[in-house]
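We begin with a single chain expressed as structure tokens, specifically the form predicted alone.
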Amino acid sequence: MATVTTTATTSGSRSAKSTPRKPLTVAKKRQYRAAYVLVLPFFVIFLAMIIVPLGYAGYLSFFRKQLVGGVSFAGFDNYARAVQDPAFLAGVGRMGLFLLVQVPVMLVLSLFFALALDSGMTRLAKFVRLGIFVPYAVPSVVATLMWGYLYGPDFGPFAQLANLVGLPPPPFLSPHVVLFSIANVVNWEFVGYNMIIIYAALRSIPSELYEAARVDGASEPRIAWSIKIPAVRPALILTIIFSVIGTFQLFNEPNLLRILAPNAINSSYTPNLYAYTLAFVNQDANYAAAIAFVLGIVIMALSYIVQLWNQRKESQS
């Protein structure tokens, strides 16, 4: 009997495997054709704007330009030079410090505002939400110019107020404080953006969980700590990864504030600014391309560490 069943099962699986695929109907073919046509512009732009420039930059990074001899193949020499370059390493370290200082402040503020709005106890919630998000809609160049005016030691309103009371102007653009001044600009720009991501995650939590917790006597802070924050953890991880990427790509803020604080911000203050200076001021596109690729590897490694840490936390919980 077992033999018969096995035989029947085997023959059944063979018949299932040998079943020919049904030919596509005309309507189905039109759907597939329309889908390919609709996604084609994306792939063309992605290929032209991302893949081709990346490939060309990778090609450039393996060459070197010399006054005598012109362009010659350099292999991995540019990469070896990049990982030993004090200016580049200092910029990476500075952005690491920026990441440790600025990102926690930004995410705590974003989480606080999102929880406050989600609690339903905030008056004029829509107006407050829009007001916090609006700075993200301001271009970073405009935001930096505005904050540069506020930070100005000669013409800024804070300096003028300090002069009125006989105090020296606040050292917003001094070498030891300018990193925190830039962090303040970035916080002003991105708190609303991260708040919207966390707020959207909060709105997707089933309200039955809150009602059950309230029946058990849980207070609103307890609900926020034990239910809401754990539930929005994937959104928080997403904002951390975005912040890692954005931190090491910092460019507009230091580049514009450098005009006001040339003694505090140099041409290699951030890795992106250093690569820009190498490529467009020093005319060394080959080494700038290698710097860009090494920076990309650093960003990918940090993003992977964040994801790995999150996976381990999830497996332990």
Partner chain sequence: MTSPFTRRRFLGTALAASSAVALAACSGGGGKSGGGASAAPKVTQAQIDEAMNKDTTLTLWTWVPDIQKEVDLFTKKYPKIKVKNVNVGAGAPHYTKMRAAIQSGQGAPDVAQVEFQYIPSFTLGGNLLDLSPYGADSIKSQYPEWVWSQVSKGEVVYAIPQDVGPMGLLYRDDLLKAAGVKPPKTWDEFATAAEKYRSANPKSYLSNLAPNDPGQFVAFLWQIGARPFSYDGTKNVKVDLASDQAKQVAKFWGDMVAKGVVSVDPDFTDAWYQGFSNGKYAAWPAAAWGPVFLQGTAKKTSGKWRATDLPQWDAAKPASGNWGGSTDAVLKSSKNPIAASQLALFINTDKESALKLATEQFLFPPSNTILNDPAFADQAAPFYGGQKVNAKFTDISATVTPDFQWLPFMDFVYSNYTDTLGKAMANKTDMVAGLQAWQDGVAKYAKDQGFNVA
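Residue numbers count along the first chain shown, from 1. Please read all numbers here as calculations on a predicted model, not as lab measurements. Whichever C-alpha set is largest while still superposing within 1.5 Å between the two forms counts as the rigid core.
Keep in mind the form predicted in complex with the partner chain is missing from the figure; the text below concerns it.
Heavy atoms of F73 never reach within 4.5 Å of the partner chain in the predicted complex, leaving it off the interface. Shown alone here, F127 lies farther than 4.5 Å from the partner chain in the predicted complex, counting heavy atoms only.
Shown alone here, D154 lies within 4.5 Å of the partner chain in the predicted complex, counting heavy atoms only. Using a 4.5 angstroms limit between non-hydrogen atoms, P175 touches the partner chain in the predicted complex. Using a 4.5 Å heavy atom cutoff, R64, F251 and A285 all lie near the partner chain in the predicted complex. The stretch among 221-229, 188-196, 103-111, 154-162 whose residues place heavy atoms within 4.5 Å of the partner chain in the predicted complex is 154-162.
Interface residue among V281, I45, I51, V37, judged by heavy atoms within 4.5 Å of the partner chain in the predicted complex: V281.
Though the partner chain is absent from this view, in the predicted complex it lies within 4.5 Å of a heavy atom of just one residue from V83, I205, V141, L150, which is V141. Along 252-269, these residues reach a heavy atom to within 4.5 Å of the partner chain in the predicted complex: N252, N255, L256, R258, I259, L260, P262, N263, N266, S267.
With the core held fixed, the Cα of G55 is displaced between this form and the one not shown by less than 2 Å. For G69, the Cα coordinates differ by 2 angstroms or more between this form and the one not shown after the core has been superposed.
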